[in-house]
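Same protein, same chain, two forms; see structure 1 and structure 2 below, as structure tokens.
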Structure 1
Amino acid sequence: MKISCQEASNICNKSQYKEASFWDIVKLRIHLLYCKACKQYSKKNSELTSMCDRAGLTMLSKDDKERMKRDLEKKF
């Protein structure tokens, strides 16, 4: 059940986008009980998510990303 700090940060990031499974979140919470560095990272990540939500930021759609990629490739 013990996970590495790398795996904890990956789960933390997935959790930010609501992509973490229930068991991933359980493993993360257990890890955060004994790892101060990851606990701080998780706290900062939560604050960032909260600020983005309050600012009303949205992500580009896949089509918009592909269009932007093609436009950049044309320029370079």
Structure 2
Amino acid sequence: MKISCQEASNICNKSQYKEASFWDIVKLRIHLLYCKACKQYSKKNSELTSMCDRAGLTMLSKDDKERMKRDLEKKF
């Protein structure tokens, strides 16, 4: 059941995108019980996720950017 800090951070990252399996999360939880550093990292990581959600980030699609680049280059 014991996992390394590297594994723990890996699971933690995946869980930010809901891609960690149930057992991975159980293993992570156990790890967080005794590892202060990972606990801190995990907290910060969740904070980052909630900030990104809150900020309602948007971006241009790849096609849009390509088109913009082409149009801009015509004017050079």
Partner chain sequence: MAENELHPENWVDLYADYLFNYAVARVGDADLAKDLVQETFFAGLNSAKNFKGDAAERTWLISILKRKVIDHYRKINSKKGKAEVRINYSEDSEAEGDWLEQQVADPFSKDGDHIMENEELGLAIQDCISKLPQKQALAFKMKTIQGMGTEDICNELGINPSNLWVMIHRARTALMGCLNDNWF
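What we label the rigid core is the largest C-alpha set whose atoms superpose within 1.5 Å from one form to the other. Note that the structure is a prediction, hence the values are computed from the model and not measured. Numbers follow structure 1, counted from its first residue as 1. Residues that one form lacks are left out of the comparison.
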Study note, to complete from the structure: Properly assigned, the form predicted in complex with the partner chain goes with structure 2
Check your understanding: Quick one: core overlaid, is Asp64 moving 2 Å or more at the Cα between structures 1 and 2?
Key -> yes
Revision key, fill the gap. Listed in sequence order, the shifted stretches between structures 1 and 2 (at least 3 consecutive residues, every Cα moved by 2 Å or more, rigid core superposed) come to 57 to 76
